[in-house]
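In structure tokens, one chain follows: the form predicted on its own.
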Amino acid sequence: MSNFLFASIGKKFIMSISGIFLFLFISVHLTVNLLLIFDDSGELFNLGAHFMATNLIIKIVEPILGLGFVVHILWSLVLSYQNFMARPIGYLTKSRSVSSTWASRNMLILGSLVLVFLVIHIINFFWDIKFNPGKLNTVYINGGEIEDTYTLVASLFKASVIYDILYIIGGILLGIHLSHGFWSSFQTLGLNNRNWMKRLQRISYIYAVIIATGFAIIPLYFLIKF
């Protein structure tokens, strides 16, 4: 088993499984974040954020998610290094561009830029929400007192044009990264016949556009309206 995990195919398998897990997280995370633009009172987003923070299943999955990010990042570095060392000296850039997309050839760069965006996101939001709850005010919704997460998030979008631009760029980079990563994950798991690959690539591009547009539209909303 250990030989499989540390072999090239094993690393790709782990990358695929952790990637699919992260796809699900990104989809759920975006769904909650989009509540920011559907209710300016903040009630919907506060309820969504409170559910995510208190739900038992989410609490159990959260450390697994963190481990998934770490494994995905480390294995991507290892695979990129192995691919670089195995590349023939006379490998032509033109030949590579014919057989692969720009995103597939630059997954490490895209992933690194997405990681920078993720770190900024964690510093500005997740850290305070998770480990500095005293920074949050509370509001009463449906007779219960919950954290006013909306004010923390919305205030930064309203106050910082620079952060809005970074968030938009981060969403676009994430979409480009997913445009290859999504179908590639399923290909590694064996769905690699011609018919399935065409379908998965179409779904991958649609999914990538939805994710990129979804994350980019949130700061745009605050830029335009406020």
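One rule holds for the numbers: they count along the sequence shown, beginning at 1. In this text the structure is predicted, and so the values were computed from the model without any measurement.
The form predicted together with a small molecule exists for this protein as well; it is not shown, and the discussion that follows is about that form.
In the predicted complex, the small molecule sits beyond 4.5 Å of every heavy atom of Tyr163. Among residues of the shown chain, Val32 is not one whose heavy atoms approach the small molecule to within 4.5 Å in the predicted complex. Interface residue remark: Ala49 is not counted as part of the site for the small molecule in the predicted complex, having no heavy atom within 4.5 Å. For the chain shown alone, Gly19 is a contact residue for the small molecule in the predicted complex, at least one non-hydrogen atom being within 4.5 angstroms. Using a 4.5 Å heavy atom cutoff, none of Leu36, Phe157 and Lys158 lies near the small molecule in the predicted complex. Proximity to the small molecule in the predicted complex, defined as a heavy atom within 4.5 Å, singles out one entry of Leu136, Ile122, Leu79, Val139, which is Leu79. Of the candidate stretches 50-58, 164-172, 36-44, 182-190, only 182-190 has residues whose heavy atoms lie within 4.5 Å of the small molecule in the predicted complex.
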